[in-house]
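The chain that follows stands alone, in the form predicted on its own, written as structure tokens.
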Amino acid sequence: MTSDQERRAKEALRKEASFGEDIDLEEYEEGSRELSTLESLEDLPQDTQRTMLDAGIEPSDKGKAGNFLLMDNTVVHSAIMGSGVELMPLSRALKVHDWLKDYIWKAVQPDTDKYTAESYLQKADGYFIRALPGAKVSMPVQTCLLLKNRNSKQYVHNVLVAEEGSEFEVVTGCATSREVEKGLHLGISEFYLKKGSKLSFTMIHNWSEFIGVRPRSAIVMEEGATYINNYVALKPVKNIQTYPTAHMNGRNGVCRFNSVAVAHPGSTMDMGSRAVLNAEGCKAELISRTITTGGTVIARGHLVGNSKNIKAHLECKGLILSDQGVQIAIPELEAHVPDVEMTHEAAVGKIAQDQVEYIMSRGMTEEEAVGMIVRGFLDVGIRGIPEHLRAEIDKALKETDVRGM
């Protein structure tokens, strides 16, 4: 901690959130840092394993390059099964790699808001993942962030580095134990993609209707880097606010954000993504599909063109499936040079009755017809999802409550 960063973080901690619902940090207790560690995810209780499965995380070492589990504020498991990749708690990585101090808290600033400030001052731990230069890691690294105890604050700080020419995939599941009635997740993630690297990052949420979620993420990309982000939030949550930003600083970079979400009654989901295209030849695509079954969705998207010969597209579409539901779409295009190609498409509305009637004419009930339309609508937003995750996501889509709409 530098004295200047600490001073600025303390100042930010005293301020209310600049947008969205402000969460009183004092209402929550710090999650435990002293839980028991595990040799294997298979040693977890069966109910915890089921909770993880609902977040797309398999409690097994098979077919994985690495496994990591943060429970409350304790790293209870971290293991590498594959080659070409490093995986360890961030606290340990800072001792192993002296150069890491040049990366940590650089993509995300400690004084961004009260949530980043709290995480910084509490010295949040999390995972450090690094793909070695030129490594093509065939199996995914699997990580899980789990709130175990009620009324807990979980601080998370993750750093991911894709070295030059490397390729790897990370799957993160965020979940809440069944007994948790209230909780808060503060997650900081910093991504650094070197020249010619590729990272596919998938996050699946399995929170509960009592949980507040405040992730803060930023991606820094060099020449020819490719970043694919798949974000899936289909289960109830009290409120969530997420707005990852990709800084495309090298020529010919490619960035894609695919997001699908369902806002259940009582949920507020303020979510989106942002790409800043700073170098010639960069391409970005932000695709969002959201549904409200009674909650509020604010779908944001922001493209910033700062260099010539860039191409970018923003698309946010929302379905309203309840009289109590609210959909707000906020697409933004911002160009600072003339030679750019930037487009956007935004639409909100209800399911067309003629579509329902057409499917019903093929022998389906109204509920089955609506369910088919909803699943097809959401599936458009998760293009490029890794094949091994499709079964879990399809299962979650089928369990999404569309009755009576």
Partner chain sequence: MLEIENLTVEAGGREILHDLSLNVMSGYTTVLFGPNGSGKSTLLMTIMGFSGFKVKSGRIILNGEDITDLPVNERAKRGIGMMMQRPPNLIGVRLKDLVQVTGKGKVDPVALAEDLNMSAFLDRDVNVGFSGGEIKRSEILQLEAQGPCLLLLDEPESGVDLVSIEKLGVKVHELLQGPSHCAGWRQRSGKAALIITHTGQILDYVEADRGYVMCNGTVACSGNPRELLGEIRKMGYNECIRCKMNRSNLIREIA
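Positions refer to the first chain, counted from 1. Keep in mind that what you see is a predicted model, and the values were worked out from it rather than measured.
Just so it is clear, the following notes concern the form predicted together with its partner chain, a form of the same protein that is not shown.
### Task
With heavy atoms only and a cut-off of 4.5 Å, decide whether residue 355 touches its partner chain in the predicted complex.
Result yes; residue 355 sits at the interface with its partner chain in the predicted complex.
### Message
Taking any heavy atom pair closer than or equal to 4.5 Å as contact, tell me whether residue 37 reaches its partner chain in the predicted complex.
### Response
Contact with its partner chain, no.
### Message
I'd like to check something about residue 63: if you look in the predicted complex, is any of its heavy atoms closer than or equal to 4.5 Å to a heavy atom of its partner chain?
### Response
Although its partner chain is absent here, residue 63 would stay clear of it in the predicted complex, with no heavy atoms inside 4.5 Å.
### Query
Counting only non-hydrogen atoms and a 4.5 angstroms cut-off, does residue 342 reach its partner chain in the predicted complex?
No, residue 342 is distant from the partner.
### Query
Can you pick the one in 359, 348, 44, 52 that has a heavy atom within 4.5 Å of its partner chain in the predicted complex?
Contact residue from the list: 359.
### Per-stretch contact check against its partner chain in the predicted complex, the hit in 359 to 367, 54 to 62, 334 to 342, 29 to 37 (non-hydrogen atom, 4.5 angstroms)
Looking at the other structure, the answer is 359 to 367.
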